[in-house]
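Coming up is one lone chain in structure tokens, specifically the form predicted alone.
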């Protein structure tokens, strides 16, 4: 028994060792290096110079960072309603389909796994001033739409592209929530004379709260991590309106050669994203019991 126990310990230790080694290399070391960069100044060469809280004080006085935080709030105001509404419509439509349901799901999920660079180029050509969409608009109404050159429309256009990418994935989350609702609840409500609209507001939406909160949390973290679409299409313009936190981190670290300050921006981004998720869950999340 003692020999068997020793073999089990060695086997278990060997399995855990792979995980601990992976964690130490790919999580532990980057975390320690991040903390060192946040409290130092480094330019990719030489040794980091300790500066204390100078980087954190700098971010409070950075007008560009404040502008980009406002951009992120603007993205949130567009993206969360667009994703919630479109995903909910997709889920309801999917639940009422009888044929070709798998084909429709796979068609929408293709967008989710598509290359961000590829579809960004596709949409930049589609929405271009002389692109096919503007040609149709001009032939019908006699004007063109500055999708990416107008500061007010640029954010909406980027959010429209991101919604196209994720509507299938988030719609499947809501669809799973719809499938979990017992059909007996809808049948009982119809027998009591409730209209379809009343059933939707009093039964469907409240019982979809876990799915809707999940999509909202995913959309929130997604907004703080937008990079490819604005970087490829607008480059952060016009007038820095589509400049996101990740683009600012990239520019700061690799164009301005200031990885220490970029690290502080990353920490601030993570704190804001995590705090907003907590606030959303505290305010809107409800416990749902499906009987």
Partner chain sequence: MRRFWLFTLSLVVVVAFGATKLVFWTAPNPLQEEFWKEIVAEWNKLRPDVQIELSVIPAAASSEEAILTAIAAGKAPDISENIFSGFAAQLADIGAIHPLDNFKDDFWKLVDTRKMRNIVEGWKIKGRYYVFPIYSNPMLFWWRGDLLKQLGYDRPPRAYSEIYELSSKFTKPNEKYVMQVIAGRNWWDRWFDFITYYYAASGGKAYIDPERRRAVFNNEYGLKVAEFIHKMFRENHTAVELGSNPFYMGSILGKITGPWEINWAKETFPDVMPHVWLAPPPVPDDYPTDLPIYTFADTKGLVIYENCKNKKAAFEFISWVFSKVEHDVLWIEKTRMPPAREDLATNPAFTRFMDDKFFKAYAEAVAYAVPPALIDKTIDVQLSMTTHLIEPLMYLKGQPKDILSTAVREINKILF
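Residue numbers count along the first chain shown, from 1. Since this is a predicted model, take the numbers as computed values, not measurements.
Just so it is clear, the following notes concern the form predicted in complex with its partner chain, a form of the same protein that is not shown.
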**OP:** Would you check whether its partner chain, in the predicted complex, lies within 4.5 angstroms of a non-hydrogen atom from each of 112, 218 and 282?
**Re:** no
Original post:
Which of these stretches, 204-212, 141-149, 80-88, 172-180, has heavy atoms within 4.5 Å of its partner chain in the predicted complex?
Top reply: 141-149
Original post:
235, 225, 52, 28: which sits within 4.5 Å of its partner chain in the predicted complex by any heavy atom?
Top reply: 235
Original post:
Among 102, 130, 184, 195, which has any heavy atom within 4.5 Å of its partner chain in the predicted complex?
Top reply: 130
Original post:
So in the predicted complex, does residue 243 come within 4.5 Å of its partner chain, heavy atom to heavy atom?
Top reply: yes
Subject >> is_contact(residue 250, its partner chain) in the predicted complex, heavy atom dist at most 4.5 Å >> reply: yes
Original post:
Does its partner chain get within 4.5 angstroms of any non-hydrogen atom of residue 121 in the predicted complex?
Top reply: yes
Subject >> Interface membership of residue 59, its partner chain in the predicted complex, 4.5 Å heavy atom rule >> reply: no
**OP:** Sequence order please: the residues of 215-231 with a heavy atom within 4.5 Å of its partner chain in the predicted complex.
**Re:** 231
